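In the form predicted on its own, a lone chain appears below as C-alpha cells.
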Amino acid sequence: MGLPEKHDLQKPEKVEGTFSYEDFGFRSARIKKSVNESPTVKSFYLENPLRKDPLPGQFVMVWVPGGEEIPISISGVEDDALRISVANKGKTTAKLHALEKGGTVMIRGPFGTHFHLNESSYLLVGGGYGVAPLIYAASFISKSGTECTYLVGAKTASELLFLEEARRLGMDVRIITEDGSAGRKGMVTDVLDKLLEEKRFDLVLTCGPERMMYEVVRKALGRGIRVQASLERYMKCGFGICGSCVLDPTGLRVCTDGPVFDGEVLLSTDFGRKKRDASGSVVEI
C-alpha cells in the first residue's frame, strides 16, 4: 500500500533474540537544529547515529549528563535527521530544553513495538505531547494514500502540536481545546462518539494522557473497531530487565511488549487505572 518496502508494519515487533552490546550501547547524537513547538514542547533534530531507523511508535532512551535517562518517542525521521519532541516537565527534560544547535545528547535504541499499518482508514487520537508518535505514523500512512483523520486535543491553542504538518500530509485535522481557544471546547473524548458515528475507520491509533486513551480504547472497541495505544510508563533500562514499566497483573513490559499495545490486551491490565512510580510502588493514575 505504498509503505517503505524494507519495513513490515503489519505486526508489532518485539525486542527478542541475541544482541550485541552495540544494540544497547549509548551513541552520541549532535543536535542539528531545535524548534519550539509550543510553550512547553521543543523538537530536536539529531544527527541519526542509530544502526536502523525507528518505526512509528518505537522510542529511544535519551541521556543528558547530569540528568536521568528517559524514554522519548520518535516524532519524525527526515533528511537523515532523527526528530524527538520533548515536553519540559522535570529536571531531565529541563536540561534537554536548555540545549541548542551543536549540543550533544546520548541515545540508545530504537526500542519497543510499533504501530502496524495495513488498513484503509485510520483515526489518530492524540492529547498534548502524546501526538509525537502519531505524527510519525501519519508520515507513513500518507505514503500509502489511505484516508486518515487526525483528532488532536490540548489545554489551549498554543499547546496544539503538528497541525500544519498533519495538513501537509493530507490528514483531515480535527481540533479540540479545553478552554475553547481553538476548535471545539471540551475534551477529545467528548467528540469521539460523534466522530466514530460520522466516519468509518478500520483502525484507531492513540497516544496521550492515559485516562484519555482508556476512554478511546473502550469506545472504539465498543463499536467493533480495532485500536492500538502507545503507552508512556516509567522506564530505567528500555529493554526488559528492570521491570519498572510492568503492566499488572499480566507482567507485560511496556518497553518490550509495548509501548504499542492492542486495545483488547490493555483492558486485561491496570491500564487507565494504576501504574508504577519511580520506586516501583503501584499508584493511582
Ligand SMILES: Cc1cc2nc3c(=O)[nH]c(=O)nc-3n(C[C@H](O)[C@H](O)[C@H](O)COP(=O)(O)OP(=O)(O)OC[C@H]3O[C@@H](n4cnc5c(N)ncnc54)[C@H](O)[C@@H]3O)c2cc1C
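Note that residue numbering follows the sequence shown and begins at 1. Only a predicted model underlies this, so the values are computations on that prediction, with no experimental measurement involved.
Only in words, not in the display: the form predicted in complex with the ligand, which the text now covers.
Q: I'd like to know whether residue 235 contacts the ligand in the predicted complex, with contact meaning heavy atoms within 4.5 angstroms.
A: Although the ligand is absent here, residue 235 would touch it in the predicted complex, with heavy atoms inside 4.5 Å.
Q: Can you tell me if residue 70 lies within 4.5 angstroms of the ligand in the predicted complex, counting non-hydrogen atoms only?
A: Residue-level check for residue 70: yes, a contact with the ligand.
Q: So in the predicted complex, does residue 231 come within 4.5 Å of the ligand, heavy atom to heavy atom?
A: Yes, contact at 4.5 Å.
Q: Residue-level question: is residue 177 within 4.5 Å of the ligand in the predicted complex, judged on heavy atoms?
A: The answer is no: residue 177 has no heavy atom within 4.5 Å of the ligand.
Q: Kindly indicate whether 59, 86 and 132 are, all three, within 4.5 angstroms of the ligand in the predicted complex, using heavy atoms.
A: Per the other structure, all of 59, 86 and 132 touch the ligand.
Q: Exactly one of 186, 102, 170, 90 has a non-hydrogen atom within 4.5 Å of the ligand in the predicted complex; which residue is it?
A: The residue in contact is 90.
Q: If contact means a heavy atom within 4.5 Å, which one of 193-201, 144-152, 208-216, 124-132 is the stretch that engages the ligand in the predicted complex?
A: Contact criterion met by 124-132 only.
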